[in-house]
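Given as structure tokens, the chain that follows is alone and in the form predicted alone.
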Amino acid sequence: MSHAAQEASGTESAEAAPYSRITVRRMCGALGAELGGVDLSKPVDDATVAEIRRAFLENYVIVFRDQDLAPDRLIAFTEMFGPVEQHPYYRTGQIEGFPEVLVLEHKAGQFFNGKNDVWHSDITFGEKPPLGSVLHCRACWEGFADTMFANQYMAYERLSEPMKRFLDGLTAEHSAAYVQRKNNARANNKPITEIAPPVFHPVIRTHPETGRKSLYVNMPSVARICELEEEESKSVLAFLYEHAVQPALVYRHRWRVGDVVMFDNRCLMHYVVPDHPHDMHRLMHRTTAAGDKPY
């Protein structure tokens, strides 16, 4: 397999230097790797940080098992990738003194901030959507409410050449209206009273660190493709949403207590499987690394 083909398939190049500070075990063909040899509850040296960042860019989702991170250490881990920012709207689940940490909890039939059983990328309605998100599992029932991730590099690469040419240069309107409706439909959530105006991002995005192109539309945030007529936009988006989540593009993460999972918001979509029992307790702490304006 050529170097270019290896990169396109998401596999690590045979020419790449071996990891010396961490272990990296691929989780499936499309994306995802479990990293070992690191205790994130303690300061991490620069050489190890560099290998973690490399593994992140090569695998798009990185998983650390058996971690126990206080909020400050979760923030410190996220800062390996960039400044940590608070969610622009959700205020229901917070930890006093750590506004950067969003608490996502399901208990006794309540799912704070609403369910995420729709394929999406986080906060694409922002002028500068996040680089990535981190989830730390504090409580779960293993085998329920898994999170699935879909590789949007591969989604783009599997398009025909005519379709790639058609989509390149098109822009999509992204809005927080869906988030506002979902949040405000639940009485236990703090209401979102105002949202920012829509923003406009390319339908095909270039990753600022790898230079690779990926599909960059998602149903909850995208209102339309701006250059198309309304019915054309609906038809194209419907095709892309189905194309983007083919089984061959997906890694399904089965949560365990202590998992820390970091995912690249610039080239992935994700989805929480809504198969949890009514009385399941699921508790996640989430942080967000700031990103750049898509191009």
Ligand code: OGA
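Numbering starts at 1 and runs along the sequence shown. What you see is a predicted model, and the numbers here were worked out from it, not measured in a lab.
Missing here is the form predicted together with the named molecule; even so, the following discussion is about that form.
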Query raised in the report: Which of N116, T210, Q180, S175 has a heavy atom within 4.5 Å of the named molecule in the predicted bound form?
Result: N116
Query - Listed residue that, although the named molecule is not shown, lies within 4.5 Å of it in the predicted bound form (heavy atoms), from Q94, N189, T147, T171 - result: T147
Query - Location of the named molecule contact in the predicted bound form, chosen stretch of 194 to 202, 116 to 124, 213 to 221, 74 to 82 [non-hydrogen atom, 4.5 Å] - result: 116 to 124
Query raised in the report: Can you check whether R282 is within 4.5 Å of the named molecule in the predicted bound form, heavy atom basis?
Result: yes
Requested in this report: Verify the contact flag for L159: yes if a non-hydrogen atom of it lies within 4.5 Å of a non-hydrogen atom of the named molecule in the predicted bound form, no if not.
Outcome: no
Query raised in the report: Quick one: does L135 come within 4.5 Å of the named molecule in the predicted bound form, counting heavy atoms only?
Result: yes
Query raised in the report: According to a 4.5 angstroms non-hydrogen atom cut-off, is Y251 in contact with the named molecule in the predicted bound form?
Result: no
Query raised in the report: Taking the named molecule in the predicted bound form, which residues along 256 to 295 bring a heavy atom to within 4.5 Å of it?
Result: H270, V272, R282, M284, R286
